[in-house]
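In the block that follows, a single chain appears as structure tokens, in the form predicted alone.
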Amino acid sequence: MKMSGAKRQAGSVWTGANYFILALLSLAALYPLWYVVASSFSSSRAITAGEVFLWPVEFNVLSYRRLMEDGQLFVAMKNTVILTAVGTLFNIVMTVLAAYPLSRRRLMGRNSILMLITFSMLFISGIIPNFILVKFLGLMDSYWGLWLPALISTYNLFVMKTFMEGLPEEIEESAAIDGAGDWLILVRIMLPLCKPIIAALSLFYAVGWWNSYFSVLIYISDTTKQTLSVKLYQMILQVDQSLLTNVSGSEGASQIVLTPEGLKAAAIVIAITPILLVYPFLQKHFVKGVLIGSVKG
């Protein structure tokens, strides 16, 4: 009994130590984000003096007001939502259409196709050939120039294929015996079973489109089509020493100076908030879909 009690006590200590270490690691991961949020609501003087630690110091929303005052940020937000929603839809449709036949062993030439796809994952063409191709196709200044070259992520395709290979083949065979074709099996049977991996890959694709910056910078020169990341970067660049803005607010005669650090913090919060709001709705599918799709096979 004494040994059993000692083992339980040792187990409790070990569990408590694990919780303590995990809590420390979680705080270490979350604190940079929390610091950015606190800095975005703090005064420039407090940020410059290094007084911001856990909570906003001299609370104000001047950085957010500066970013939103001309309305261009809302236009960029709308463009980003369109780019993300349509791009993610295209990605999921094309990934499913490619992964389903590749997951069926009866596909002729399956191994050769997989080898070619793997080759394209290891050896990419580079920026200049892609730019020439997009320009030759007349897709400059169009979102199609972003969507078409990025229709399928090879890595995500393999994750989807692996997930489909893990589904019982007996289900497909039963449907085939009842007269169902490939399209009916894909739409009515495979897709409902693939909800976890579709949710996980949708989040992957959506985050990529939402944060897309370099491709937009290369292919989109029309200022009315620029996305949130590019617009925020341009607005931050404008705040150099010669353009520091003196804002007289409700604080009376005192003048408050905006600094790039405060604007950067506000820009980061604006950029990541929509994705943070979407993530909880996909989280339960996210873990299950990624684990099954990446381990099996």
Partner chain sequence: MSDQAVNNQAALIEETPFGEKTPAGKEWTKVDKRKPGAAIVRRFVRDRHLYLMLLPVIGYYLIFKYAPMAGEIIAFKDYRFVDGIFGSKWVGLRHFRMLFESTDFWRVLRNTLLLNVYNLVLGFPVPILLALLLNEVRREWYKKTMQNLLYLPHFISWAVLGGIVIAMLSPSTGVVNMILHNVFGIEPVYFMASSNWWPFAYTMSGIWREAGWGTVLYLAAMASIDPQLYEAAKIDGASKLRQIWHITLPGIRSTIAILLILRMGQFMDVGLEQTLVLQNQSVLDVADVISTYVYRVGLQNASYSYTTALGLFQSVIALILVVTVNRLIRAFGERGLW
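By rigid core we mean the largest C-alpha set that fits within 1.5 Å across both forms. Predicted, not measured: the structure shown is a model, and the values here were computed from it. Residue numbers count along the first chain shown, from 1.
One more form of this protein, predicted together with the partner chain, exists but is not displayed; see below.
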Task: Residue (of 85, 171, 191, 127) lying close to the partner chain in the model of the complex, criterion heavy atoms within 4.5 Å - done: 127
Open item on the list: Please determine whether residue 55 contacts the partner chain in the model of the complex, using a 4.5 Å cut-off between heavy atoms.
Closed with: no
Open item on the list: Contact with the partner chain in the model of the complex for residue 30, defined as at least one heavy atom pair within 4.5 Å: yes or no?
Closed with: yes
Task: Partner proximity in the model of the complex: residue 263 to the partner chain, non-hydrogen atom cutoff 4.5 Å - done: no
TODO: Consider residue 64 of the chain shown here, and say whether it contacts the partner chain in the model of the complex, taking contact as heavy atoms within 4.5 Å.
DONE: no
- [ ] Within 4.5 Å of the partner chain in the model of the complex, which residues of 33 to 57 have a heavy atom? Give them in sequence order, or say none.
- [x] 33, 35, 36, 47, 48, 50, 51, 52, 53
- [ ] Note yes or no: does the Cα of residue 233 move by 2 Å or more between this form and the one not shown after the core is superposed?
- [x] no
